[in-house]
Ligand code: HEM
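Shown here is one chain on its own, the form predicted alone, set out as structure tokens.
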Amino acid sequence: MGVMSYSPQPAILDFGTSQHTYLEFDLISEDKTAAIDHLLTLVATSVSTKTGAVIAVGVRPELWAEIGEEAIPGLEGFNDDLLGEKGFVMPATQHDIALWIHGAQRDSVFDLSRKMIRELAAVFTLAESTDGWVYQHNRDLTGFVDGTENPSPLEAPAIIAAATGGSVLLLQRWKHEADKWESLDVERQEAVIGRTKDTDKELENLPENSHVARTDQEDFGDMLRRNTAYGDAANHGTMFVGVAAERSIMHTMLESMAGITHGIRDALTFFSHPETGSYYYLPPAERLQQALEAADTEDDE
């Protein structure tokens, strides 16, 4: 018998969408299995219809294991704060499920988000809601290109899929200290990031505390970043959306940024601060297809 292959959820790799919403929920139903079945069926049937938006669904790893579903061995949520250098904290705000809804039009994303909130209300309560949007095609609100080291669209499916199926999602909302950042001249900003602002070239004399030096994927492994901007002109920042085959790839990167690994804190963390932090297991596309087929069978009976 050959080894079964798995595919990432299509919404993870649906590039080019400009409007995003991130919803995180806590379980309120005592029947965990029925709640997750309802969730997967709702997502699968919504994905299969022409809503104008797509959904990626993630489940807290421990909850997924509790209902007896196969996942990535040893995977766990963001259950403890990361305590870094000079009082820096990456807070753990783990929830039970996450929905990442995105599309080309704001109204489509809004309508699908409202639908999911309504139809999950009996078993899950909404805990976090953040709207994201793409800024200048591929830049974050610091003005620098984001996701330079991302794999190509052709490489990404294999890179983010674990051998046992599925992927790991990291969601973190980082609030920027905009006035503090904008008070720096371009040269100083480039030293913080480790790349040139206009041309996105890595600095020849790369500061060891620069963001590039502290997050180099050659040190931690490959991941896919689907970050977006969030907020308004007064209060805004970056929604970090990381997807990888292993939690350790992203968690060791966070430890490096916090200064836990080598005692060198990422210079960017003096201008941007995480407010949330959660890991979710993203079941493979095949699991959503199973939920869809089960729903179709029930409809036929």
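Since the structure is predicted, the reported quantities are computational estimates derived from the model, not experimental observations. Note that residue numbering follows the sequence shown and begins at 1.
Heads up, the form predicted in complex with protoporphyrin IX containing FE (HEM) isn't pictured, but that's what we're talking about next.
Each of V145, L170 and T215 is positioned with at least one heavy atom within 4.5 Å of protoporphyrin IX containing FE (HEM) in the predicted bound form. Mapping the unseen interface onto this chain, F240 counts among the residues with a heavy atom inside 4.5 Å of protoporphyrin IX containing FE (HEM) in the predicted bound form. Contact check for R225: a non-hydrogen atom falls within 4.5 Å of protoporphyrin IX containing FE (HEM) in the predicted bound form. Using a 4.5 angstroms limit between non-hydrogen atoms, H176 touches protoporphyrin IX containing FE (HEM) in the predicted bound form. Taking the partner from elsewhere, I193 is found to have a heavy atom lying within 4.5 Å of protoporphyrin IX containing FE (HEM) in the predicted bound form. Segments offered: 30-38, 43-51, 61-69, 247-255. Contacting protoporphyrin IX containing FE (HEM) in the predicted bound form at heavy atom distances within 4.5 Å is 247-255. Scanning D81, E149, E187, D107 against protoporphyrin IX containing FE (HEM) in the predicted bound form with a 4.5 Å heavy atom cut-off leaves one residue, E149.
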